[in-house]
Structure formats: structure tokens, C-alpha cells
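The chain below stands alone, shown as C-alpha cells; this is the form predicted alone.
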Amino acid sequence: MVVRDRQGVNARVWKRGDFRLLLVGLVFTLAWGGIGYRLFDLQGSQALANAEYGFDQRIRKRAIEPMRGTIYDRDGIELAMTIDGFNILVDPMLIDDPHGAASVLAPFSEKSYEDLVTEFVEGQENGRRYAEIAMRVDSRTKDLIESAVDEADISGVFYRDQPLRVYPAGSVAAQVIGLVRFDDGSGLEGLEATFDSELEGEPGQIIVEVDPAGRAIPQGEIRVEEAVAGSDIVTTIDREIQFAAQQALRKAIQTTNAVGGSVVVLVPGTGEILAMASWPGLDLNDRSEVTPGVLRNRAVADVYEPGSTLKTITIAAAIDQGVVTSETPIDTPRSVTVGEFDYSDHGTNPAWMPVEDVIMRSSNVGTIEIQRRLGNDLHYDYLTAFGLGRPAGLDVAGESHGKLEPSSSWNATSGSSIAIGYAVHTSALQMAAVYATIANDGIWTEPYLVEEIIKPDGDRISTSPRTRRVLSSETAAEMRRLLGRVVESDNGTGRRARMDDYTSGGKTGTSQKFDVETEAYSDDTTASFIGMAPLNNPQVIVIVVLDSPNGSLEDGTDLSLGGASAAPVFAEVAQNALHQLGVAPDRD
């Protein structure tokens, strides 16, 4: 509205509606300005990022699982390998009769008939298009499922490729090889776990550009990034020697009523583990047998007080230090008191014996006297040099350190107890490495299971075990002679370890087991024998350890003793191993 003021000049008078109109115009101006700025921002500075985001929304990615590497024995025979497998899938929305489909599929599924019915019915009610009824089945099982599904005219069953890990040798070296997780195929125990990063490979993926309905766009991007297969592992295990060791151990468990046991076959000059058997055993292809107990590799996971087999270190150290010779006379009274403990021999021995008879007859009191002359500090130095108190193997999963206290913490009776194999805990593999040192002219060599790793590109990584000198070659040779008397002499405690075709030497061991509940030693024993053969040029070391054997032989010999229960197992395993290796017999 226009009016004249007192001077007659036209003046504009603003009404309430004019202000509203101005405000609306301002709001629209700001809004369009904001939209313009946003458009500029989206199509300008953020154009590249938004294009990538839109592309990502059109992209579907599917992982390609790599082929897991194969585990071989020393001769290239497969111990663990991956084959074509399948997951069995069902689309509940395509099933006409949930009850009928469940009855056909239940025998092939990890799920019960009732669970399958529930899953199919609930899937139909909720519009779910996916149900997994079985994982990683082999081709034979898949063919059986296909046949049953076709015969029953069931629709909605699909098969997805899923690699399957199998173990052709079944129970052979089961605890050594280990197994993989059933769901994701990763290593769970044994070599499968230790070398999982090498075996598993690198996954690939398929990238496909799809439309809003999820269909592949014909001219869209399709890219395949191939998976990289895992490395292969070549072990030192000899399948034939391993099988024979397991059979001998199983028979010994049955004969002696032992609750468990282990056997290790070792090449003394190289550290190669030819066999590592544990009982109870299992078939890796049958997961119904899998429990923590049977998966445990007793040869490295179980520790025990080795008893008289440890006397070899005491006597070898004393000879190596010049404290005694094989002919040095040692007083061997019926018993000896050290601190608060009385030590005695098993059976009857002369009042004195040369050192070579102390080991042949396995005299406790004689060995304690030799240890007293050697002294705790030197004794401890040799124990650690032989590998006690630390893992023996380079690549053995689940190995225990054992237990060896430093000599500075030993009490008045520690030296005497350790000298005869008590107050120290070892594994079977550690003790096998001790005797391998004597067989290898005094040089300790680190035991190992994996000979080489073969990369996907063909590159090979070989194992180089550590070595160190522990004894002089002269002392080692003398100890081999003394251990030979333990087996080859009619008065030796290890005479049941004699073989028909080969000479051998070794040592028996019998130790009472400590009962934690009563805090006292029980009548149960750990019986063992460790030996080498042929005696003049040892090619194998064999250790046999039996947990709580009992009963007696026909002649009344107590099977709780290592010389009665474990020594014959050594003879069987060692002779078979030497024949398998092609070693010429040396017995006249």
C-alpha cells in the first residue's frame, strides 16, 4: 500500500502478509541454495567416492577356499590330503513335504529327523531360503544323497563344493599328524596345527557385478582372484615302521594290562623321527573316536620319572670327567642312607662291583656312589647338555619341557635321587635323544619330524637341526660297550631286548609312580627300555614306555619291571625298523 507523508512524498506501508511472503521467499532461496550446494558437492568433490560406493553396492564377492597342502611320509606317501567335498544345502521354500524330506535326509545329516523337520517348517513360515544339513561329505556320500533325493522326488536340495580333509593311512601316526577343525578346516592338533600357516594357503575370491535383483550383469565386471594352494609338508615318518611300532605297542598294552604307552624310533646321526606311536590310538577319519585323551601325543606330552634309564647319564658324565673308569671298583652294600632316605637295590648284588657291572646290574647304590664322586654341579651340567629340562624336538607339537631344578636348589637327597631317575621328569622323546647322543659319538642332535616344506612355487625349505657335543667320542664308544653288556650278557637286566639278527645295547627303567592324592609313591610303575642297534654302528634308537603295566610272565617275572614288559617290545620294533631300512644283520 502506498500513502503520502506530510511533505507529500509517497511512502510504502508494510502489512503483516508482506512479511510472511518475504520469509517464504527467503526460505525457498536458502533451500534451493542448499540443494544446489549439495548437488555440486555430490557431483563434484564426492563424485569419485560415490561412484565407488555405487559400484560396491552392485558387487557380490564369494570366497574361493584354497587347497590345503598335503602331508607326506618320508617316501612321498600321503598321510593327510584334501579331496573334493560338498556341503548339502536345502531351500525350505521349495520343499513340498518337510516330514518326508527330513526322513530321507536325516541319515546323511549331523542333525536328527526332528531337528530337520523343525528347521524346514520354520524356514517355510519365515521365508528362509537356506538350511545346511551336512558339511564336507565326500563324493560317495554325495552320490548316495543324490540317489535318495531323486528316488523320493525331493526338490530344493543343492550341493556346494567344500574341500574335505582325509587321512589315507587312518590311524597311522594319528597323534603326530593331528587333524583340522570340521567347520573351517584350520589345524587343530599335531602337525596340522603346528604348520597350519604353511598348509592353509591363501584364499581367493570371485567378484561379480549384479543388478538390484541380484542377477549378474552381462556386460558388468567379473573378476576371479585365484586362491593360492598351501605348502606341502614332507615328514621324517616312515609309514611301515610307524605301523609296526603301533602294532607292537598295542600288543604290549594288551599283554601287560598297561593303561597307555608310547614308542619312538629315532635316527641317531640325523635326528629324524621315523616313528612316534601312542596308545590309546584313533582313526583320524572317524571323528566319533576323537577325545582329548586319544589325541594326546604321549611320547612328548606325558612326562615321567625315567628311573634307571637315567643312570646312563650319571655314569657317562663320571667317565667323561675322569672321575671313574669302567673298571673302577664301587662299594655296593645292600642299602645306603642319604639324608632321610634309604636307597637299596632290586634283587641281590655283590658287596662291590666295577662300574661296568653297576650299569649292567642297574645298581642303585652303586650309581649313587658314582654320583657322589661326580658332584651335583657337574651332574647338572651334563643333564642339561643332554637336553633335560627343555623341549627336545624342533617341530613337535605339544611337547612338554619336563622338570629339572637347577643344582643350586637341590637338597641333600636330590643328587642321589636324580642319579637313579627320580626327582626329575622327562618325556620319551627327550630320553630317546639322550641315547641318540651316545650312539652318535657324543653329539646331541635335535630330533625333528618335518624333513622339508615344499612351497606352491616349488621352492623347498629343508630342516637343519641344531647339534652340540656332550661327550667325547671315546666316552660315547665306551658307553655303547657298557650298554651292550646290559643286553648281550646273561646277567644283564635288558637281556629280553636281544634280537635274532642284530646286536644291541640299552638300558631298562622302572620307576614307581607318585600318587598326588596320597602324596606318596604307589605300587604302579612306569616301565621303559631305551636301546640302540646295531651296537657297533647304531642306525636306530628305540624307546618304549609303558604306563602302569602289571601281571607276570610264565616264569613269574613281574611285568611291572621294564626289563620284562618294555624290553621285548624294543626287540620287535628295532628289528622291524632295521629290516625296513635295509640294514644288514650283524649277529654271528
Partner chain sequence: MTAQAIHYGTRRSATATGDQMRVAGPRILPFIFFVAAVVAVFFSMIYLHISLDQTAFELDRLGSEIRVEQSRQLDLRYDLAGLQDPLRIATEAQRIGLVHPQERIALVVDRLATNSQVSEPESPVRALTGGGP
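Treat the numbers as computed from the prediction; the structure is a model and nothing was measured. Numbering follows the first chain given and starts at 1.
Quick note: we don't show the form predicted in complex with its partner chain, though the next part is all about it.
Student: Choose one stretch from 373-381, 69-77, 405-413, 486-494: the one whose residues place a heavy atom within 4.5 angstroms of its partner chain in the predicted complex.
Tutor: Partner-contacting stretch among the options: 69-77.
Student: With the cut-off set at 4.5 Å between non-hydrogen atoms, does I253 touch its partner chain in the predicted complex?
Tutor: I253 lies outside the contact set for its partner chain.
Student: Can E125 be called a contact residue for its partner chain in the predicted complex at 4.5 Å between heavy atoms?
Tutor: The answer is no: E125 has no heavy atom within 4.5 Å of its partner chain.
Student: Should Q539 be classed as touching its partner chain in the predicted complex when contacts are defined as heavy atoms within 4.5 Å?
Tutor: It does: once its partner chain is placed as it appears in the predicted complex, Q539 has a heavy atom within 4.5 Å of it.
Student: Looking at the partner-bound form in the predicted complex, is F243 within 4.5 Å of its partner chain by any heavy atom?
Tutor: So F243 counts as contacting its partner chain.
Student: What residues in 148-185 sit within 4.5 Å of its partner chain in the predicted complex, counting heavy atoms only?
Tutor: Stretch hits, in order: V166, Y167, P168, A169, S171, V172.
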